[in-house]
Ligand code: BES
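Let's start with one chain on its own, the form predicted on its own, as structure tokens.
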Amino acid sequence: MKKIILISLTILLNISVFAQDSDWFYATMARLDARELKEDIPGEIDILTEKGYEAVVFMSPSAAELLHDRILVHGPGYIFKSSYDEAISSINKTITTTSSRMAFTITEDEKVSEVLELMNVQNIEDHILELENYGTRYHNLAQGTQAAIDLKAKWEAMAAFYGRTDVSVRLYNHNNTPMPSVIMTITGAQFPDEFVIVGGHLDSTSNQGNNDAPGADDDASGIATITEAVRTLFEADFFPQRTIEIMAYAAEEIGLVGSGEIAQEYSSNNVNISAYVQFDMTNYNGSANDVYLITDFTNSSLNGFLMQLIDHYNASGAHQFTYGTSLCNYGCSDHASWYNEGYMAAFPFEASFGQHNPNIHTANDTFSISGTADHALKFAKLCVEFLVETAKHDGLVGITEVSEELYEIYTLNNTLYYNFDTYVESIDSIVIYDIGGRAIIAVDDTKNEGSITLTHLSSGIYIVNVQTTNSEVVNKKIMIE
């Protein structure tokens, strides 16, 4: 009898779901956001199942717009799924970051310095205005597709101007949007099957109607940023040893559709991606620091490396800028697509979340709000620093995360204690970062067991980064009360 009742309920649920408007779609989102939408607009969303902090939903475009514009104000706040089965599979999936990856080292001072001097802020400004002039780049409008076709031509012309025969550009056609993504590939000279990738989204949207979505900051600024970064690499005759890919995604604004399909394909084909960095909104200076590293749906080791790059190349002088950390919630940009496929992902953002550009998703998201691309230029510098230092080959085969069974790290009475199993060869360094991403304690050549006094630190959350001599890492949060 219980089986009959269960089957009947399932049939009723399916009838209820598919009786809705054909524009309804499946998605995953934060459980609390789903419940809030269900309470506010119960006729526009069905919560199909929940697991942990996530929910699988079937919802209308109206529900998506409300989530997009009221609850989060950046990014869609949900991840589109093409079917019920895909949504259920996604929520039940265990995300494990790939354990084989490159070693993050900083050795290319001469080339990075050369590239930084070649950057031209005017190129970023011109490109933002060029994209803004489409009026809107919404994924199902002709302007969105045309913007992708034109960007492909722009990138091809740029590569041809510098005589780069190692570069190809293609349109990536999608299943769930008519707008294609654009992918530039710079083939690695020594390890063409190892990839480092940067990207941003090309589409735009407006909560005032999608015929008026100039999207200058969200995300013409990111596309212009990565374009100028690559142009300077070409001008500096930088030939990567690993393959670099530059991606401009379609349909980010409706649930990370473009990046989601690409990341899934790369994962299914076991593409070896060392690291991915997202550039979405780079030109609004709304906070005390210049760059904010998003810490949710990102990899702490990669975030730590970006902090090290900024400490090394941008702590002072003509290229100086500052950084901090922030959160941006569920599915806020395309980095989440790569993170969900188990790749190392990072997302440097223009401001602390909530202090970013208040004009996005409106007709007022125009270049005139800033009037300059000086802020985006800082992100272009970080982009080239990342690409030069990761697309090289330094002879190191990679790093892995130390298994949690092999170490203890804890605090007691304002002291950090650590103990690593003898399986771990030896500890090379321990660095403690504050919540703003600043390295405040660094200890080299430590033993496998020991302690560090923390009495001089203020109360708060800190990150302990441990590097071993055999290229293994640990990143652990600690609380000081």
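Values in this document were obtained by computation on a predicted structure and should not be read as measured data. The first residue of the sequence shown is number 1, and the count goes up from there.
We do not show the form predicted together with the ligand, though everything after this point is about it.
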Segment that reaches the ligand in the model of the complex - one of 248-256, 109-117, 151-159, 181-189, heavy atoms within 4.5 Å = 248-256
Within a 4.5 Å heavy atom cut-off, is residue 376 in contact with the ligand in the model of the complex?
-> no
With the partner left out of view, is residue 353 within 4.5 angstroms of the ligand in the model of the complex by any non-hydrogen atom?
-> yes
Partner contact for residue 222 in the model of the complex: the ligand, 4.5 angstroms, heavy atom | no
Close approach of residue 230 to the ligand in the model of the complex, 4.5 Å, heavy atom | no
Pick from 131, 332, 198, 262: which residue has any heavy atom within 4.5 angstroms of the ligand in the model of the complex?
-> 332
Given that the ligand is left out here, which of 328, 345, 387, 213 has a heavy atom within 4.5 Å of it in the model of the complex?
-> 328
Is any part of 262-298 within 4.5 angstroms of the ligand in the model of the complex by a non-hydrogen atom, and which residues would that be?
-> 280, 281
